[in-house]
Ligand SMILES: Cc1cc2nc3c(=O)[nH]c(=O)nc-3n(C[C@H](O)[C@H](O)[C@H](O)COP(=O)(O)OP(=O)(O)OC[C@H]3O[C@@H](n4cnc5c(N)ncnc54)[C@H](O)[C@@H]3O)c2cc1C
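Given as structure tokens, the chain that follows is alone and in the form predicted alone.
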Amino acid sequence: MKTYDADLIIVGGGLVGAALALALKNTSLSIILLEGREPVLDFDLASWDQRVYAISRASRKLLTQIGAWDRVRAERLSPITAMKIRGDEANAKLEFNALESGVDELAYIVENRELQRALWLALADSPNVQIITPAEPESLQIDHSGATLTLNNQRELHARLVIGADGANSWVRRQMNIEASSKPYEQFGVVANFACEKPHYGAAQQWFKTDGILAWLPLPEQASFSQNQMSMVWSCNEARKNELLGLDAAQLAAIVAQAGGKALGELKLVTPPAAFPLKLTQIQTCVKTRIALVGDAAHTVHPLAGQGVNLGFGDVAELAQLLRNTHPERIGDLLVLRRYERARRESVLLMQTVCDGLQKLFNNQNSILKSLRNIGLGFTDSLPWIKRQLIRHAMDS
């Protein structure tokens, strides 16, 4: 009889991989979570992570159910109470308000490292989850009875199912020869955090410009600063990226303040800038016999809508429910895993199509398209029922 080290192995202990392990806490399934390096759980509270996420209502519900949300420190959370979108003409605007939508907040801003910390603290209370870190996988073999994953120290692990939660350049995906169609946007996301002269009142702001998309996301007020703070994401071409990264702190703060029409007054750099390339990743299948992909391993989207991590948490909710309701001996069956793939296909495709379409529309210099997109923002802003539908879809994604 085949013996297994675990029912399933999750490769990647980032936000999505850790959330999946937690979602299967207290089930009959035994789990091994592999992570290249253990996350830092103790960090300087006066500093801020360059990477922040807008956590939707649906993602917050999942994180609450799996015991992670209550471990996020309240002082590291900032609710988004309004969303202000501007085109590249003065009258092109679209605004969403939480109260008008019948909710207290549209989303929550939280740092990557704070959410990672909360997930790993919750994992410490998960008796059916074994964490191996540092761990580097070296090979993966699949046969009719299971999967064999070999680490670079030659340790072999046997499981019924392997989950790839290992990011956009997924090792699991490459091992299984799952082809990924990658479309570079020829843009970079430049991120940095700033202290602000004026309060943001929980409003996120976004400008669709001819040279890129600029977003300001509210961060919570800290006692160590007299001002509020915000996190910037500037999706721009390589020339603009190089320009921004080459500026000193004062110059960068002045350029970013000016680009946002000084909506928050003068700015002061808090966290140095960093940049990452933007691309669309699509795959024909996210499952094979004894293999399933989640999160960025299965899909990436343009960050203009801030939905990348929420799509990953959607994967977690769907796959965890399927695995909980499946006999352990069948969790690696292709027919079972295809149910997960079918359930996620529409949501993922819709978000990728919308974000890709908006990126093309607002990254186009055609004068006719420029007029149409600006008119479209204003027209949508004048239709409250459409606005309510849009924001509710975003909150529940």
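The numbering used is simple: start at 1 and walk along the sequence shown. Just so it is clear, the model here is predicted, and its values are computed rather than measured.
Omitted from view is the form predicted together with this ligand, to which the following refers.
Partner contact region in the model of the complex: 185-193, out of 97-105, 69-77, 240-248, 185-193, criterion any non-hydrogen atom within 4.5 Å of this ligand. This chain is displayed alone, yet in the model of the complex one of 131, 233, 82, 85 has a heavy atom within 4.5 Å of this ligand; that residue is 233. Only one of 34, 63, 31, 337 comes within 4.5 Å of this ligand in the model of the complex through a heavy atom, and that residue is 34. Mapping the unseen interface onto this chain, residue 51 counts among the residues with a heavy atom inside 4.5 Å of this ligand in the model of the complex.
This ligand in the model of the complex comes within 4.5 Å of a heavy atom belonging to residue 308. In the model of the complex, this ligand sits beyond 4.5 Å of every heavy atom of residue 218. Though the partner is left out of this view, residue 111 does not reach within 4.5 Å of this ligand in the model of the complex, counting heavy atoms only.
Within 4.5 Å of this ligand in the model of the complex, a heavy atom is found for none of 287, 291 and 332. Shown here without this ligand, the chain has 135, 137 in 102-137 lying with a heavy atom within 4.5 Å of that partner in the model of the complex.
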